[in-house]
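Here we start with a single chain on its own, the form predicted on its own, put down as structure tokens.
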Amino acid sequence: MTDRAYVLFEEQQQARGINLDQVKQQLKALKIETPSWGYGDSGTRFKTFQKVGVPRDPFEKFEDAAQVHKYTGIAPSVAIHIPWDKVDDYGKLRAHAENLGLKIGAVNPNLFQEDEYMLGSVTNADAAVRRKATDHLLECVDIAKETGSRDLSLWFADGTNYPGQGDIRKRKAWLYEALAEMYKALNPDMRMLIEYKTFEPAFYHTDLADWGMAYNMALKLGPQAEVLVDTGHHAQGINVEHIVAYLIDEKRLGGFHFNNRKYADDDLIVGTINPYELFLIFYQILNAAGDADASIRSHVGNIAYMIDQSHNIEAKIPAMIRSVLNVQTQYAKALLINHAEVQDAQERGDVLGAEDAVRRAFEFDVTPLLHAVREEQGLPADPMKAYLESSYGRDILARGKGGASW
């Protein structure tokens, strides 16, 4: 790489004691899973705006996802949602994904769209509804086995809108009962990633409202159950990176659903509202990656990075490219933190020195670094520009309007 900007960047980082060869290897190893539902028509509870050219079935969703991976090189897997992505032959879908250079990632059960689930799915007072919901969880385990998927990503909309509407402790017991039955059906190499959300669609109480409840449930179930952190699922002002650090130390951080929000769970593109939070999340992860405890290092290596966004007004493929690039950018910046410098300042009680050592990495322009990495990988320096200059976005317009939606 002879670009002058990169040479200056390299000299700058070497002077700070940063090994750029190691940084580049870590960037090349980063993998971000995109969601099948992010390629289809989706929206808010008020309106779904249908777009021309969106996928008409799961196979076309994977074709669109392949474009994201083609230009970024960091999105080789796609999460599926059942029944949105239900097909007659999952072996055929798996082969289709592999032919595109992709693999099927996490399997996400859907326990919030059936009429019977209005008052809850696995926490419904009606035992028949609970049985139906649990059977769907088991169905998704079977699908994961067929598709070679490691992770089952679990989010429950269950909750109540008013005091007295449901028995909170009974609902807690029913939730555990369903998850325990699902847990027993897992293969030894599979994981349950338990997600949580403060509110919505339930407004009085949510059965899994925060990371502590999800963590407690995972502890009860066993080592194959871990917590999934959705960056939009917290109350205003919550320190998400603190939660991340705590769960890492307990070896129970299974993965992320990346998005961004301004007010509630807005499903905005990750890194567009609060990129510093995303950077600080990676700071905690990379700090743990250098831990003296080998089990902590091993645990950090198994964290799943997944996008969970519903693009209501944006063009789907460019929105997903922007999402994974935003994650890559903040990860690159976090790799520039000199942890020895931070630790030294901490030990000396130098508050501003420690803060500066972290913040300074965030303020670097990592564009020259990312261009260098992409050049070495045979990728376009500007993935978004390269995609927009291709004919794919125009070609898929022949699909028409009214593709696969939820």
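Please read all numbers here as calculations on a predicted model, not as lab measurements. A residue's number is simply how far along the shown sequence it sits, counting from 1.
The same protein also exists as the form predicted together with another copy of the chain; that form is not shown, yet it is the one meant from here on.
You can rule out all but one of 285-293, 178-186, 88-96, 131-139: in the predicted bound form, only 285-293 has residues with a heavy atom within 4.5 Å of another copy of the chain. The closest heavy atom approach of Gln12 to another copy of the chain in the predicted bound form falls within 4.5 Å. Contact check for Lys170: a heavy atom falls within 4.5 Å of another copy of the chain in the predicted bound form. By the criterion of a heavy atom within 4.5 Å, Leu280 is counted among the residues contacting another copy of the chain in the predicted bound form.
Taking non-hydrogen atoms only, Tyr305 never approaches another copy of the chain to within 4.5 angstroms in the predicted bound form. Contacts between stretch 258-285 and another copy of the chain, counted in the predicted bound form as any heavy atom lying within 4.5 Å, involve Arg261, Lys262, Tyr263, Ala264, Asp265, Asp266, Asp267, Leu268, Ile269, Gly271, Thr272, Ile273, Asn274, Pro275, Tyr276, Leu280, Tyr283, Gln284, listed in sequence order.
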